[in-house]
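In the form predicted on its own, a lone chain appears below as structure tokens.
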Amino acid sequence: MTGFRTKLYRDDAVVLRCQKLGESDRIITLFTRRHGRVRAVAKGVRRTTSKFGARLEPFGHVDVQIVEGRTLHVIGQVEGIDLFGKRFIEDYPRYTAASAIAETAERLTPVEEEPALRLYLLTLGALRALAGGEHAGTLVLDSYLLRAMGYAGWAPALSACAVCGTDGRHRAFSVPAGGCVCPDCRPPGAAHPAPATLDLMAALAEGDWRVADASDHSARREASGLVAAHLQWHLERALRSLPLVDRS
């Protein structure tokens, strides 16, 4: 078309998801540093002769060139920066945790091409932590979910009553109320988690890995249940990947 100029840009991105398209292509969902969530076609990527098929697997950190299109963009070039997924592809607990992180990132970026730098950096850091293997995958996941909810404005109250704001580590926890609640504000049906569970949740939200790594299995399991319930209450729809996370 006369006067038509193809627009393209480069950005670094995390690969969130891949979907088959036709016989040899894939639609790649990318979370980019400067352009937010982007969907783009990787042409011929499923062929054995593809030059960059292995670089566009889920959880990879890549440098990508995007050619803008009217409906779907097209990936022109891609270079791997750190292909995190290769380090835990056969580690089911870490792989399922990464899947839940990627799905959460996608759900918290409902508008395509809307920059979300803080969430991008949080997502990149969580996948890097999973690849490093220094902390249990479930701890990395729950820390990510708590911080991602903070980004979205849904962080559960942990150091003050969610209803009246009274300071303190209150013993009751109510998802509909917004987190910990004092005795005066405690609604019917509120949970009563162990103090160690609330300590763990606070540590995960603040990035205190000394406390988090020292936590026991019962506190981790109870914290995971509260974090998942709080997230899915606000999302108003369950995450498909969360029940698959191996917490054994």
Partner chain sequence: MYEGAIQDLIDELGRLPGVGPKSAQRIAFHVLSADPADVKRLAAALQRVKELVRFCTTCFNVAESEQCRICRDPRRTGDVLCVVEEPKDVVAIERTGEFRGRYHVLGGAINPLEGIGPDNLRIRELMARLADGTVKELILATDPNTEGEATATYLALLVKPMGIAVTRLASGLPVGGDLEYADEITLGRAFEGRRAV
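Positions refer to the first chain, counted from 1. As the structure is a prediction and not an experimental result, all values here were calculated from the model.
Keep in mind that the form predicted together with its partner chain is missing from the display, and what follows is about it.
Contact annotation for the candidate site: 139, 197 and 230 all lie away from its partner chain in the model of the complex (no heavy atom within 4.5 Å).
Here the chain stands by itself, but in the model of the complex one stretch of 169 to 177, 143 to 151, 116 to 124, 96 to 104, 96 to 104, has heavy atoms within 4.5 Å of its partner chain.
Between its partner chain and the residues 191, 67, 54, 27, the one pair within 4.5 Å by heavy atoms in the model of the complex involves 54.
For the candidate set 108, 131, 83, 162, a heavy atom within 4.5 Å of its partner chain in the model of the complex is found for exactly one residue, namely 83. At a distance threshold of 4.5 angstroms between non-hydrogen atoms, residue 157 is out of contact with its partner chain in the model of the complex. Under a 4.5 angstroms non-hydrogen atom cutoff, its partner chain in the model of the complex has residue 58 among its neighbouring residues.
Its partner chain is not drawn, but in the model of the complex it has no heavy atom within 4.5 Å of residue 237. None of the heavy atoms of residue 8 is located within 4.5 Å of its partner chain in the model of the complex. Contacts between 226 to 248 and its partner chain, taken as any heavy atom within 4.5 Å in the model of the complex, involve 240, 241, 244.
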